[in-house]
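Take a look at this single chain, the form predicted on its own, given in structure tokens.
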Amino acid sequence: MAERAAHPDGGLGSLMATLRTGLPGGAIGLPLLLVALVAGFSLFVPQFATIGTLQSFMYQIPMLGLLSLAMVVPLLSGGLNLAIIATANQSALLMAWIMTATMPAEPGGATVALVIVGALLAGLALCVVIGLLTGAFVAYTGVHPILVTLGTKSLLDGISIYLTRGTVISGIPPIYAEIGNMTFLGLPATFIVFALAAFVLAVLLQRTPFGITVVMAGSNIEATRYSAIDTRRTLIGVYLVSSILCFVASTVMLATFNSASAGYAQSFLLVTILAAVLGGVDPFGGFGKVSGLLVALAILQVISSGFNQLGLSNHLTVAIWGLVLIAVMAVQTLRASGFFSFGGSGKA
């Protein structure tokens, strides 16, 4: 990893510059931390290292994982999408409304399938429109993505709460939840959806011209523009892909909760950023892989499940997640200062 100079602005700039230095130990650090956590919890929780715990992981990770994937794409481009939760909730609300409002009293199998497919298409179309408009604002106005997506989040949350009065839309066709909770070869359907989405996104980012231009734009958007690359189209594509991933998350959300609400998953927003940074995604853009995010999600889920089986509060789990991020930043700072140099430079 190339040596990086300290940020001249200090304060938040120094913090972000520290985050850019990457995780201590590089690619091996996260897997080692995951193994250490599993071994540690196994010592104190006898039933931790079991198939049941692994299956619990696979039921709990998909929604947070899909939303984290939706956050990674803008981060790689040097931006941020604070509207991922609001987008997913609005899509879920629209689909839930269509499924409940248009379903006949005694529908046949074909009618149920038609209504569900129509609802899914409407949810996808809504997310595509949100992604295109958000990307166009970012690309053509020059306003920082944080401000644009913060405005989008507020707009979508306001519309969702106004239309539903803050209530939950329930009454999803049972067949939808049954399909969402099916297992294939022991794997939950929602986990398979998450795994496929992660695989497709990894290929898209690492094996296609679009992915290369996203990373280039995140590294240096001006240099990318001077390379005759249409960075505006790239940015629109970034937020379009992010919104489509929000749609996939909303389908999992409907299957998981069997309902939709503007308040679901609101606590996941900062966790998606935490998972991405912990997974080695550069918050300034230009560096990071889906594989790192997957290991980081596993670490966060191991911590959550371990504390849950110890009978500790979920609020304490969130605090521990924050502590993990602070610990990583502290180790990075010590490493950058040469504390771990052992006779050499602390920077790789």
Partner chain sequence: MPDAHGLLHRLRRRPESWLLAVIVLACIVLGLLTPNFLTLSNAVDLLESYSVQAIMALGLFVVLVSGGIDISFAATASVAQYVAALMASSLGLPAFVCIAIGLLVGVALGAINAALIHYLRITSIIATIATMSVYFSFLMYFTGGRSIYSLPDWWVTRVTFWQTETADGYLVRITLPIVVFAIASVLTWLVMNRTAIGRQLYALGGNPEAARRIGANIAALHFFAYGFLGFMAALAGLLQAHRVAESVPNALFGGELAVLSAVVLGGASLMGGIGTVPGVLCGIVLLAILQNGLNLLGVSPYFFQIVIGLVILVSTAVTTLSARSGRRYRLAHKEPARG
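Predicted, not measured: the structure shown is a model, and the values here were computed from it. Positions refer to the first chain, counted from 1.
The same protein also exists as the form predicted in complex with its partner chain; that form is not shown, yet it is the one meant from here on.
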Stretch in contact in the model of the complex with its partner chain, which is absent here, among 307-315, 38-46, 58-66, 293-301 (heavy atoms within 4.5 Å): 307-315
Exercise: T152 in contact with its partner chain in the model of the complex, heavy atom 4.5 Å: yes
Heavy atom of G108 within 4.5 Å of its partner chain in the model of the complex: no
Its partner chain contact at F137 in the model of the complex, heavy atom, 4.5 Å: yes
is_contact(G52, its partner chain) in the model of the complex, heavy atom dist at most 4.5 Å: no
All of P31, G186 and Q206 with a heavy atom within 4.5 Å of its partner chain in the model of the complex: no
Position in contact with its partner chain when the complex is considered in the model of the complex, options L120, I159, I98, I229, heavy atoms within 4.5 Å: I159
Single option in V143, V129, I175, M182 placed near its partner chain in the model of the complex, where near means a heavy atom within 4.5 Å: V143
In the model of the complex, residues of 262-299 near its partner chain [heavy atom within 4.5 Å]: L270, I273, V277, P283, F284
